[in-house]
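Shown here is one chain on its own, the form predicted alone, set out as structure tokens.
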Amino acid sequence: MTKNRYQMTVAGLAQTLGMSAVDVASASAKTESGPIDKQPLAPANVKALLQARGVDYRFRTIAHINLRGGIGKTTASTSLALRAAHYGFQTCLLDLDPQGSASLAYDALPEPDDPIFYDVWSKPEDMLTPALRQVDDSLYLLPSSLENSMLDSAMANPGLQKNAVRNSLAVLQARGFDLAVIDCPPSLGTAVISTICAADIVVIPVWSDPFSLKGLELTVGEIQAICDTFGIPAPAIRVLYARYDRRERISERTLDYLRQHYADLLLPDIIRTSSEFSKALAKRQSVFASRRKNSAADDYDSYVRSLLNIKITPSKPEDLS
């Protein structure tokens, strides 16, 4: 992805705030000439506007985990990270999956000598910040490669598993980040265990595949077991239906199942099946890159706003200053 390419526009933020484009533009610094509604907004301006309306930017960590692969973890991770950056969150995406899919999505696969989590976890204060790749104005990435598969042997000690990710997150918080997003591998290895010990929220993407639902059951159980073992509070767990197709009866049956068995965990936002995801990946772009309206961008925007509690009450014109 190209830096500065996908900033929040005046029109996009106006829609979020329930304000007119003119009001948003007048309450923030302009960054370009041209039509008001198409002007990009610097993340600092977006943050100031949203913070004034009650959005909480205190540091938090959100991880996407499911012990079954191929169900949308990486798409959810990359979409959350980028859209959060659009909303002014200084964001870091930690790619812990040895497949490096999130790194590939951002066209940021590491070179052989570039540091990854396997290299930095033991000395994050010295190595983490220099290892980050800047993807966009408020978005950074720690890329991944196959060497992260060696974490299981490197962190065999339970004490290391408990603190490895947590120590890296402490560095990010000290460096002024607002949000860490973690894309995990689909297995119960040390990277996932360490992430569970450190995350504030674990989102479990699922779809109608029976193995996906089994992965949901196993993941929920393992999260509690891991936290019990280490004597720490469990993270908040949320379930995201990531591939909903209303044309298929199995999608409706799966949604009914989730509402019956995981009502307290199920997010209200449903990600509809869309060709926009594959198109965006082929171009090494985000679903938010296109200026035209599409369901993929709408669904993930709604997901991000729910997860980050970006719920805005429109302001009166006299309150804009």
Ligand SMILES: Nc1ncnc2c1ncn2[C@@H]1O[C@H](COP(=O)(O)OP(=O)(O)O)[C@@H](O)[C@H]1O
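A quick note: this is a predicted structure, and the numbers were derived from the prediction, not measured. The numbering used is simple: start at 1 and walk along the sequence shown.
One more form of this protein should be noted, the form predicted together with the named molecule, which is absent from this view; the next part is about it.
**Q** With heavy atoms only and a cut-off of 4.5 Å, decide whether residue 242 touches the named molecule in the model of the complex.
**A** Within the cut-off, so yes.
**Q** Does the named molecule come within 4.5 Å of any heavy atom of residue 272 in the model of the complex?
**A** Flag for residue 272 set to yes.
**Q** Using heavy atoms and a 4.5 Å limit, would one call residue 44 a contact residue for the named molecule in the model of the complex?
**A** Taking the distances in the model of the complex, the answer for residue 44 is no, it never comes within 4.5 Å of the named molecule.
**Q** Is the gap between residue 277 and the named molecule in the model of the complex 4.5 Å or less for some heavy atom pair?
**A** Judged by the heavy-atom cut-off of 4.5 Å, residue 277 is in contact with the named molecule in the model of the complex.
**Q** Just one of 122-130, 67-75, 150-158, 214-222 has heavy atoms within 4.5 Å of the named molecule in the model of the complex; which?
**A** Checking each option against the 4.5 Å cut-off leaves 67-75.
**Q** Ok, 255, 266, 281, 48: which has a heavy atom sitting within 4.5 Å of the named molecule in the model of the complex?
**A** Checking each option against the named molecule in the model of the complex, the one that comes within 4.5 Å is 281.
**Q** Even though the chain is shown alone, can you say which residues of 116-146 have a heavy atom within 4.5 Å of the named molecule in the model of the complex?
**A** The stretch does not touch the partner at all.
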